[in-house]
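Take a look at this one chain, the form predicted on its own, written out in structure tokens.
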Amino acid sequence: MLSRTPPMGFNTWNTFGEDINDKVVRETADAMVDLGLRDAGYEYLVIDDCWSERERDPVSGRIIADHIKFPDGMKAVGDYVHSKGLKFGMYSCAGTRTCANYPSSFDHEFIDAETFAEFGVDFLKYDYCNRPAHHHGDLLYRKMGMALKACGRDILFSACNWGADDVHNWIRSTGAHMYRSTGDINDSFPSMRDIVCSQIEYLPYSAPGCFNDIDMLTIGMYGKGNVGAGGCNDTEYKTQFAIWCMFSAPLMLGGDIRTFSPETVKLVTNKDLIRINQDEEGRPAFQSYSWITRNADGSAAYKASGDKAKVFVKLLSDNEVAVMFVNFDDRERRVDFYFEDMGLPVASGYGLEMKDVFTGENIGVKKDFMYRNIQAHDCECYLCKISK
């Protein structure tokens, strides 16, 4: 299996944590279909940590499902997920115990991969807690990568070592299709902003076959769930989703899909943003540098301007370009964008024919330079054609 575009789906952890069970999973699968998320591309339903009994089966040596949470076993859960036209994902860990102190896959990689294949698993999130100190991450992830290759089933391998051990330098060699490059997100704007800014220098490592995973989305949580903090507002969730799409990050929803509002569904099924995220060339975004950014009144904002407002550009297939203006500041800020900084000089005679991905408005062809006044924590994003 080669993941040509970033995976899309849902993961239980952000909302449910250890409070997962058969009913929650089946209701979530139903909601993914009923709300049109499956048809928009969200195909994986992933059960995170805390799904198993506290110890392995003493006879078979296998990890077994918690008999109270999943009384019919994991194969039955996987069958139901598949019956809805979705793919089924599960969780394990490279250490001796999972992050929540359940049985883990260290030294059991091959029997666990066989078990997951028997469950009908299509996606494995593989965490990094409680690893033996003398084992480096590249070996631990290579062992599970080999086990998944041998298990007889195509399983997407989602490595989750939080950016440790310079993971970007070696993760592709392990067979992983996506890799967590950050610590855990929480449901707050500062958490999202800090994760985004920490990963700008690593964007070039993301490409078809192995995408940089900047953690599950918190869109639609509003402070509820398992990951703490006070929640975001709709403007901040809009910014989060647009950045994840620009960064070619896996789009793994973390909010309770069963309670998504129409506004949340509209955001996460935005066809233009998903088009940007799922572009077949899979090129990474880059930050377009300008000499300065400005306050809303036009005055120069030299100090720490790069941390306050940014322009990201992503080259797409079919002569298209995505451009995003984002304001991380707590007040309105003017964001300047010189096209020369993205490689489109004024002498070329070319510009960008720009469509706002949120409103659908075509604002015409812009050349050389433009600026936008962006409200606090907000963004604007454009799908563009290179044009004269």
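It should be emphasised that the depicted structure is a prediction, and the values quoted were computed from it without experimental measurement. A residue's number is simply how far along the shown sequence it sits, counting from 1.
There is also a form predicted in complex with beta-D-galactopyranose (GAL); it is not shown, and the following applies to it.
Trainee: Is there a heavy atom of Cys99 lying 4.5 Å or less from a heavy atom of beta-D-galactopyranose (GAL) in the predicted bound form?
Mentor: Yes, Cys99 is a contact residue.
Trainee: Is Trp13 close enough to beta-D-galactopyranose (GAL) in the predicted bound form to count, meaning some heavy atom within 4.5 Å?
Mentor: Looking in the predicted bound form, residue contacts with beta-D-galactopyranose (GAL) include Trp13, since a heavy atom lies within 4.5 Å.
Trainee: Answer yes if any heavy atom of Asp138 is within 4.5 Å of a heavy atom of beta-D-galactopyranose (GAL) in the predicted bound form; otherwise answer no.
Mentor: Result no; Asp138 lies far from beta-D-galactopyranose (GAL) in the predicted bound form.
Trainee: Is Trp170 close enough to touch beta-D-galactopyranose (GAL) in the predicted bound form, meaning at least one heavy atom pair within 4.5 Å?
Mentor: It does not: once beta-D-galactopyranose (GAL) is placed as it appears in the predicted bound form, Trp170 has no heavy atom within 4.5 Å of it.
Trainee: Tell me which of 314 to 322, 240 to 248, 280 to 288, 178 to 186 has residues with heavy atoms within 4.5 angstroms of beta-D-galactopyranose (GAL) in the predicted bound form?
Mentor: So the stretch in question is 178 to 186.
Trainee: Which one, Asp336, Glu43, Asp329, Asp49, lies within 4.5 Å of beta-D-galactopyranose (GAL) in the predicted bound form by heavy atoms?
Mentor: Contact with beta-D-galactopyranose (GAL) in the predicted bound form is made by Asp49 alone.
Trainee: Heavy atom within 4.5 Å of beta-D-galactopyranose (GAL) in the predicted bound form: which of Cys197, Ile111, Cys129, Ala164 fits that? Just give me the one.
Mentor: Flagged contact: Cys129.
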